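First, one chain by itself in structure tokens, the form predicted on its own.
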């Protein structure tokens, strides 16, 4: 009897809720595009640490396939074009061409300078969705109009790690940083997080050597990390020039966190909880590799847009943007809780998995860190620290 009742309930749900939506649904097409700035790598970076050439683009394609599978019942169709280049000039030219073709929603994985150029050159009503740039300035002071941020900021990453260190009472930090622009931005975020969560910076060292560590890591790094007592080594090496060699090679036997060792990213192939294994398997079957954090960000961006179109039944960019920034929007994303946007700066709130090479360690925000609005807002730039008022650009 219980089974019959369950089937009857499902039938009634379809008849009274879903069927009217299907009957009233009108055909809609959403045209999207994705721009990727091709990264350059130093010769010392091993091939196995270099990302796939289609990173980000593959994630967007997966989301398009997922969305079209469900969207066909509502007569919704989603299209995607992609382009990658090293030159900002080429990226801007392609974006302008897409704008002429009435594509006014673009996913972008580009450097800070390129992001500014794109925003300046494109029409004000073109929506940019950042899936790769973590620069804090776009969430605090250089607030780009009509721009959403799926990618977690540097501060979201460093706050997640700092919360875990605080909980585990690893209070003394040795910070080792590289010299690239991204290293410096990440390092600044680390220092802010140390202050925010009352952790002690014992010493900071800058890596400025050209040594190939693959043969002499033990000797070189033990001498380099010989400083006062510390609980953990925090590494800032976005270029992957030395950080991968720090674990097990420090003067004191200590944990390594940051860009290497224990890391805080939006996604990792080790995540399987909350149904994530299904997404991982779909992606692997299609692209024969694991899903990266940028793939996941691109997938999230497309899914956020398609979810908004499903709810508001329109493909008008301004209405989609307004809905995504409203309190009514939420997105299920295989993370155990619904995601939403910070209305003041367009940053997507999301938990940050802390992972090592073979397993998920935990997920931030860590239990015990509270916020009056949302515990997710303990990660990254909170409203009082931001000059942004993004809602004004969507009026």
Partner chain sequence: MINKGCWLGFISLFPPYLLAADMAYVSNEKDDSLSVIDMNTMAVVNTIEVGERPRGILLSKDKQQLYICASESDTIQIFDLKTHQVIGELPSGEDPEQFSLHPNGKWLYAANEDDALLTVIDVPNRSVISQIDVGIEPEGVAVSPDGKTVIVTSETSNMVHWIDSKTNKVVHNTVIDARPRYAQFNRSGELLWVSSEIGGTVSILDTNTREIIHKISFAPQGIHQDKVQPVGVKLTDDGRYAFVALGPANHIAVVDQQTYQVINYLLVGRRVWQLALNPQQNKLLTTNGVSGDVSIIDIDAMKVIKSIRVGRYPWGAVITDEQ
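Residue numbers count along the first chain shown, from 1. These numbers come from a predicted model, not from an experiment.
Below, we turn to the form predicted in complex with its partner chain, even though it does not appear here.
K.L.:
Please determine, with the chain shown alone, which of 117-125, 96-104, 267-275, 79-87 has non-hydrogen atoms within 4.5 Å of its partner chain in the model of the complex.
P.N.:
Partner-contacting stretch among the options: 267-275.
K.L.:
Using a 4.5 Å heavy atom cut-off, state whether residue 27 contacts its partner chain in the model of the complex.
P.N.:
Although its partner chain is absent here, residue 27 would stay clear of it in the model of the complex, with no heavy atoms inside 4.5 Å.
K.L.:
Find out whether any non-hydrogen atom of residue 31 is located within 4.5 angstroms of its partner chain in the model of the complex, and reply yes or no.
P.N.:
Result no; residue 31 lies far from its partner chain in the model of the complex.
K.L.:
Does any part of residue 282 reach within 4.5 Å of its partner chain in the model of the complex? Heavy atoms only, please.
P.N.:
Yes, contact at 4.5 Å.
K.L.:
Using a 4.5 angstroms cut-off on non-hydrogen atoms, would residue 141 count as touching its partner chain in the model of the complex?
P.N.:
Residue 141: no contact with its partner chain in the model of the complex.
K.L.:
May I ask whether 51, 288 and 355 all come within 4.5 angstroms of its partner chain in the model of the complex, judged by heavy atoms?
P.N.:
Contact check failed for every one of 51, 288 and 355.
K.L.:
Of 137, 112, 316, 310, which residue is found within 4.5 angstroms of its partner chain in the model of the complex when only non-hydrogen atoms are counted?
P.N.:
In short, 310.
K.L.:
Within 44-80, which residues have a heavy atom closer than or equal to 4.5 Å from its partner chain in the model of the complex?
P.N.:
The stretch touches the partner through 66, 69, 70, 72, 73, 74.
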